[in-house]
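The data below hold one chain only, encoded as structure tokens and taken in the form predicted on its own.
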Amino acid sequence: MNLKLLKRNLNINLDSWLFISIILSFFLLAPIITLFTSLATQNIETFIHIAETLLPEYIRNSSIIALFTGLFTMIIGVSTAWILTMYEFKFSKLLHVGLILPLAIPTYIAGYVYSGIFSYTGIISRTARNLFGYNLNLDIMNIYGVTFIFTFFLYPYVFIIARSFFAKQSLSMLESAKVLGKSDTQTFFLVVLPMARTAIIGGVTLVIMEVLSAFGLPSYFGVQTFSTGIFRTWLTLGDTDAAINLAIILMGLIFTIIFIERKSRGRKQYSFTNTKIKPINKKPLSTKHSVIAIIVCMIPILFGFIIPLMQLFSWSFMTYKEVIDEKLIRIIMNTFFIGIVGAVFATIIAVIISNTSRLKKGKISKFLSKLTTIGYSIPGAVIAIGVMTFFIFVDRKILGEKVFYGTLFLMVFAYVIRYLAVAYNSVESGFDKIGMKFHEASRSLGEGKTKTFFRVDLPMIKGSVIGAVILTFLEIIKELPLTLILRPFNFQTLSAYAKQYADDEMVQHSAIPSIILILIGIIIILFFEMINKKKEK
């Protein structure tokens, strides 16, 4: 078969955009491939010991936390989304924003806060002793405490997706249920919930992936899960091979969950058969029912945002003189530097691959677009091990000296793999909005693909590109396990700095770096919420 025939059969029209995208894709996949190749050549004695003694505990704890967190986040997210979609009452717009804000607080910071609140010297035990003379001893540093914190800080994933789905439903569908004699409750359980099933499962799947990937919270609470097991094996036992085995098992578990989620979704799509869609008119609530609705919506805001933020501010007033110094300023600059560099690189790669995918229809472009989402579904600890293993191989076997190991390049590379999907989704939505009309007009005037991209496409998707950088930046600065494994010696970020204080039993001192991270998150969430409101109008 000659080259021309091969080219036609594969439907490839190789150009610079496609070539660069394939090269980038190879490097993005390389660390994951390295993990699997390492699996075949390693000594497994330690892993067999771990599999017989610790692995059952990792599986049991991870499963219990994922199951109950998924269940509780579904109840909170769906119920609050339905209330705010269907009913009109005071403060509903404010509550809508408030229900998203727990996303600004990383779960490991929430863990520091609640462990302090429920400790012997915390506000609850102190109040019980001083006012009632009762020696209250509430220990939340266990599997139940981890589930509690994951629930109140991850439910916004379900809330956002469910709220978006409910808002797009037609009033006529609900009226049909009413005509058949169904009450509001029956309509919700018999009509709305089955239709929203795929959206809800999608949100819960995101929550479960976050739970299985999390390291900081279960580690601080002393609960053994897959992520803590990988760290323990890697850093404490010093057994890289066994850590790789655990990482591959965890990756397989997460891919199985994604597969089940995709299968459950199948080809189910609910769409309208005509263009006469009646938007949902919110039903005004009486004063009594308004109070109930406000209380229901305020509970997750109270536990997921207000209480932890108040506690952090209280601690910051106690410790700011000891914490705010030149070192903190240097750490803030480190955090912004690594966050911006990682976000910019991720966005540039997302733009290249996204543009290639829209210009090259076919299996290759579909593969490239799928590739961008792989990293987001793999825990940070697994990616960190894959990246480190890959560059150790490059340094030893190809370059013959230590070039990449222990440098910031490894962190940036790993951040790009982990959060490329975040940048890609934003850029892709920008390309979807502008379509191909202007691009084709430019090409018909004789301009090349690259010149058309810089003169026509890029200025039109500028907002989406900026959005991609901001969202990716937020994810990177909150990342903990990947940062802990790959950061060079003496290089601190805010997330690692807060963890260091907490590990040194100086949890109050972790307040200021935590508050800085949270405030950045709040600003970015409110910014995008404002943009979404403008789009809806």
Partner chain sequence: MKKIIPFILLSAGLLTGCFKGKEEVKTVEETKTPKATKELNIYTERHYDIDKELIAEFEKETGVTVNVAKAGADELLKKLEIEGADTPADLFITKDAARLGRAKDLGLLQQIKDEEVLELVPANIRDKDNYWTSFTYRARIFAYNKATTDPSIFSTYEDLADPKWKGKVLVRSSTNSYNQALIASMIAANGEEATRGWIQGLVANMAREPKGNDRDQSKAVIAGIGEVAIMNSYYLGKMIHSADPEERKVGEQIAIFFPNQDGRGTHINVSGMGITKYSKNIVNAERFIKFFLSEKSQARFTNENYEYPSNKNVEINGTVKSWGDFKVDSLTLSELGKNFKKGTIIADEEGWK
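Positions refer to the first chain, counted from 1. Fair warning: this is a prediction, and the values are worked out from it, not measured in the lab. If you superpose the two forms and keep the largest set of C-alpha atoms that fall within 1.5 Å, you have the rigid core.
Just so it is clear, the following notes concern the form predicted together with its partner chain, a form of the same protein that is not shown.
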| field | Interface residue in the predicted bound form among E210, D239, E261, E428, criterion: non-hydrogen atom within 4.5 angstroms of its partner chain | value | D239
| Listed residue that, although its partner chain is not shown, lies within 4.5 Å of it in the predicted bound form (heavy atoms), from S286, T256, S444, N135 | N135
| task | Although its partner chain is absent from this view, report whether P459 comes within 4.5 Å of it in the predicted bound form, heavy atoms only. | result | yes
| request: Answer for R232 alone: is it within 4.5 Å of its partner chain in the predicted bound form, judged on heavy atom distances? | output: yes
| query | Taking 4.5 angstroms as the cut-off for heavy atoms, does R396 touch its partner chain in the predicted bound form? | reply | yes
| message | At 4.5 Å between heavy atoms, is Y120 in contact with its partner chain in the predicted bound form? | response | yes
| query | Which one of these stretches, 428-436, 286-294, 91-99, 399-407, sits within 4.5 Å of its partner chain in the predicted bound form when only heavy atoms are counted? | reply | 399-407
| task | Report yes if all three of K182, F189 and I352 come within 4.5 Å of its partner chain in the predicted bound form by some heavy atom, otherwise no. | result | no
| Quick one: which residues from 330-354 get a non-hydrogen atom within 4.5 Å of its partner chain in the predicted bound form? | F337, V341, V344, F345, I348
| field | Yes/no, S227 Cα shift of 2 Å or more between this form and the one not shown with rigid core fixed | value | no
| field | Flag for I348, CA shift 2 Å or larger between this form and the one not shown after aligning core | value | yes
| query | For L312, is the C-alpha shift between this form and the one not shown 2 Å or more after core superposition? | reply | no
| field | Shift in CA distance, F491 and G229, in the predicted bound form relative to the form shown here, given it is 3 Å or more | value | farther
| remark: The CA atoms of S227 and G406 move 3 Å or more in the predicted bound form, ending up farther
